[in-house]
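In structure tokens, the next block holds one chain alone, the form predicted alone.
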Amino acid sequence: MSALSVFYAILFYVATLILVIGVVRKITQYARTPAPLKIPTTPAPTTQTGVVLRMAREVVLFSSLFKSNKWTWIFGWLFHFSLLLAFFRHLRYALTPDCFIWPLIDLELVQAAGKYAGLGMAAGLVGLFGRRIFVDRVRYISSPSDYFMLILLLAIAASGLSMSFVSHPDIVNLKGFILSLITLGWNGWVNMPTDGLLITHLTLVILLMIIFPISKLLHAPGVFFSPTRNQVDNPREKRHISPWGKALDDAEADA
């Protein structure tokens, strides 16, 4: 392998370890954090099935954001849906035709939608960036990291679009490089292409992987652990009694 390929292979392995370990650590922290008090945002479901449906609406449709601000919902949902389409398109570069989901990701419709999804990502990010600049109350609570993350994601989308519509890299060689990383060189190592746009795109993706576990992007797994969303509205049926309160109740019962 060339020195450039070895360098980026090491970067990808390190970034993957940081991403996986960091996200698992935060999810473990979320899961272990006690939430004994019933604080679901009302009107809230009174059954576990209702909670599942509520979480599904939240994750797929961003229902609470829709009720809060329509413009933010439009830009946010556009970005996330476009990101999902782009993800399915990119799976083609990391899988082989013998994979069981290959017929799905190889569909012409999926590949075409994923190709133009970059435009949707860019539009959504520009809208979210403008919201932080022109909406006073949002600008007031925005930190430099908020702007940095939007700029980073926008740069990833822009570099990806440039490779799709301006300068095409050697996709076959790129897929060989990615597959050799996934298989740890089982079938031999492949050098990565030296296209400038591709190197820029991969560098930005690696940077995103490294900072993801310490950024606000952790709202992706964090939404599932939000007590205002994942709790059943049954404070009377299942009351939380603190240890000192239980001790007082026991003392009164004994008296």
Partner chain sequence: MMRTLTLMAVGLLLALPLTIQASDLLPKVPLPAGKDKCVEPTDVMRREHMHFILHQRDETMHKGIRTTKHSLKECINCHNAPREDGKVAHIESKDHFCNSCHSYAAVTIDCFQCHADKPENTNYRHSLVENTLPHHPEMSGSALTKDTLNVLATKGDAK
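In this text the structure is predicted, and so the values were computed from the model without any measurement. Residue numbers count along the first chain shown, from 1.
Absent from the display: the form predicted together with the partner chain. The rest refers to it.
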{"property": "In the predicted bound form, residue 188 touching the partner chain (heavy atom, 4.5 Å)", "result": "yes"}
{"property": "Partner proximity in the predicted bound form: residue 92 to the partner chain, non-hydrogen atom cutoff 4.5 Å", "result": "yes"}
{"property": "The partner chain contact at residue 102 in the predicted bound form, heavy atom, 4.5 Å", "result": "yes"}
{"property": "Distance check, residue 25 to the partner chain in the predicted bound form, heavy atom within 4.5 Å", "result": "yes"}
{"property": "Stretch in contact in the predicted bound form with the partner chain, which is absent here, among 63 to 71, 189 to 197, 42 to 50, 211 to 219 (heavy atoms within 4.5 Å)", "result": "189 to 197"}
{"property": "Within 4.5 Å of the partner chain in the predicted bound form, all of 106, 175 and 180 (non-hydrogen atom)", "result": "yes"}
{"property": "The unique member of 171, 151, 84, 133 whose heavy atoms fall within 4.5 Å of the partner chain in the predicted bound form", "result": "171"}
